[in-house]
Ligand code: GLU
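Here's a solo chain for you in structure tokens, the form predicted alone.
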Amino acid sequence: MREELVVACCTDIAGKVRGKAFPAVQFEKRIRRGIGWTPTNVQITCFDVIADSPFGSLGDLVLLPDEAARVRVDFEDGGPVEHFALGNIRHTDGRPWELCTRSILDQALERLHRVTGLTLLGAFEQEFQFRDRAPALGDAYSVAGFRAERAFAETTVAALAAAGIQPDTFMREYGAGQYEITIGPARGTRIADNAAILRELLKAVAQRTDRKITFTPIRDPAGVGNGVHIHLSFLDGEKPATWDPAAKHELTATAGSFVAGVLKYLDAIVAITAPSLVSYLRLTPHRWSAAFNNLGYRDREASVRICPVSDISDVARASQFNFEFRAADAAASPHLQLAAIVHAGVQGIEEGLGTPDATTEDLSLLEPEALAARGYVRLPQSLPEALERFASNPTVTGWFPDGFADVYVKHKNGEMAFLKGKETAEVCGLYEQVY
């Protein structure tokens, strides 16, 4: 005998999805009433250590599940139904809690719409690796490599469809046991919701098929890392608003200013978009990730890439056209990642920045003076450096609610304290376990 439970949950600073379960028959009541939540939960690091917290044992909050972000997937394998709903954390008087990642994203999107009148459209691509099966040599990008995980892929695609997410592609990637899954675009907050739901459904499929997967930014310092690629464009009502065939790089003036803002403030927001110690082993030249604050035209080592469009597609060019943020990984909350990107982009629009030039060469070959002369900087090369650039930039910290920057840095300091004195290989192994 069993009674179905649903988990009300949220993404947090550690990039985890945490929550509480309650009987599914109570869902309508819980939408209004919520479930109890504790402020200090925000300081639980990915290693389950509580970092320095300004809240201690004090305070009470409520987590309100959102019907629009509710997922119910019956795998029809005799096991429990996968049932959860993302939501927002609020004060007991109903005000958004200042450290709620989903509310922070809502506020960033409201700023975008207030300044531009536009709606954000986008999707997260997700790379991950199987931990429990050695890949066959020569399987990268191959049909044989896909065939080895066909059952996993087909179960995942069915689960996504059942959750209301449009499946797109599933492929064997380059790294050891590495795969990539892409999904269709969504609007606004749902972009980040879908990223969190995607990861949870991948984990659910892995558990039900007795598999082990990891989204860690990098398993082996000598190997290939797992990135998150965030594709973005804009809508004006229902009309695509990113492509202008007569403009520089075919970006509308607004889109160009948005990209320029992202690049201007990238070195200060990468502490949020790539927030683990091992993230910075991946963000190095020649790893097909990102190492500089540059725009690239179809360049997979640029931090922001203008993506190709197909002239033979039945989808209009304006609807295909988008740009991709590449300095990100799955150690982060997708809601925080997207909030930081949106705020940086809107800042660029408010400052009237012009569309940046697109690089066509290897920036790692240039001297710092040559980079600086062209407005490029090397991204932080460690998490402590990234946190220092974040905390010391009043424009960036000012985008977030009061107290957020201090709590965020303390959280990450607690995470690093757990790893102090450990060798790189052990650190990589620990991140592999928790992500």
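Model, not experiment: these values are computed from the prediction. One-based numbering along the sequence shown.
The same protein has a further form, the form predicted together with glutamic acid (GLU), not shown here; the description that follows concerns it.
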{"query": "Partner-proximal stretch of 175-183, 85-93, 351-359, 258-266 relative to glutamic acid (GLU) in the model of the complex, 4.5 angstroms, heavy atom", "finding": "175-183"}
{"query": "Contact of Asp139 with glutamic acid (GLU) in the model of the complex (heavy atom, 4.5 Å)", "finding": "no"}
{"query": "Exercise: His343 in contact with glutamic acid (GLU) in the model of the complex, heavy atom 4.5 Å", "finding": "no"}
{"query": "Heavy atom of Arg147 within 4.5 Å of glutamic acid (GLU) in the model of the complex", "finding": "no"}
{"query": "Proximity of Arg300 to glutamic acid (GLU) in the model of the complex, heavy atoms at 4.5 Å", "finding": "yes"}
{"query": "Contact residue in the model of the complex, chosen from His249, His113, Arg133, Arg287 - any heavy atom within 4.5 Å of glutamic acid (GLU)", "finding": "Arg287"}
{"query": "Among the candidates Pro334, Gly122, Gly227, Pro275, the residue which, in the model of the complex, approaches glutamic acid (GLU) to within 4.5 Å (heavy atoms)", "finding": "Gly227"}
{"query": "Residues within 4.5 Å of glutamic acid (GLU) in the model of the complex, restricted to 312-337 and counted by heavy atom", "finding": "Arg326"}
